[in-house]
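Below you'll find only one chain, the form predicted alone, shown as structure tokens.
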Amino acid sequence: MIKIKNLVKRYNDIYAINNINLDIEDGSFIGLVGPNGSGKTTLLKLIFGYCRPTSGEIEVDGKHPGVEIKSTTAFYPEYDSTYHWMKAKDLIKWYSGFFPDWNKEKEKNLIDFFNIPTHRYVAHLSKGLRAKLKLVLTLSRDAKIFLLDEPLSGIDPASRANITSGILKAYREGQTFIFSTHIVTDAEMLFERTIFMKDGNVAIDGESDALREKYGKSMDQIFKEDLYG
């Protein structure tokens, strides 16, 4: 599904991504783990086509990142991109009109699951509810690939558990998820494969259960003790 070969993204003399090679199969749930500044967001933006690589190649479902892949790929940005002056229900209706693969049933199920007061203005929602609203906008599509950039960032522990449960609820067989985070404890149960990033490089990559057995630790312990401690 996603093939990355000798990928480099450089800003002047700073390497945000430094010669990464990855193959990500269809229907996999990937944890992209690392501290802020490790290259996670840059990698997702390169896959989606928000920025261009300095060198190297990316293929997404046989295509180079660009307009074409946006019809099959959904992106959840870390930054708050919602229009605060709209009511939540109006924002959802407006946003859904851009995507032929929008699934009204998924939309309703996610709104109910996250208990989003859609009659309220986005500006009046808490940060946690705005994060959940962004997930409704992302996960209500029947896309092939979902790129989730730090969906747990700045969210209280109770809401983080609710968000991970909602993502799991929205997952469908055959879909590919890449979930980037520096908050591992609440998300590692989702990850079939975990890719640890450090300084723009892939530091560790493997099936999550195999990595737990190899290190004798949880993904969170590997994150805190072996790579970034």
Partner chain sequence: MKIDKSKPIWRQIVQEIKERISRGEIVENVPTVRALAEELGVNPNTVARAYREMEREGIVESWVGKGTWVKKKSRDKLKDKMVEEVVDSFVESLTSMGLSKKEIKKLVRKIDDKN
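Positions refer to the first chain, counted from 1. Computed from a predicted model, the values in this text were never measured in an experiment.
Below, we turn to the form predicted in complex with its partner chain, even though it does not appear here.
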property: Partner-contacting position among 199, 59, 68, 192 - heavy atom within 4.5 Å of its partner chain in the predicted complex; result: 192
property: Its partner chain contact at residue 53 in the predicted complex, heavy atom, 4.5 Å; result: no
property: Non-hydrogen atom contact residue 182 with its partner chain in the predicted complex at 4.5 angstroms; result: no
property: 4.5 Å heavy atom contact, residue 217 and its partner chain in the predicted complex; result: yes
property: Close approach of residue 18 to its partner chain in the predicted complex, 4.5 Å, heavy atom; result: no
property: In the predicted complex: members of 127-160 within 4.5 Å of its partner chain, any heavy atom; result: none
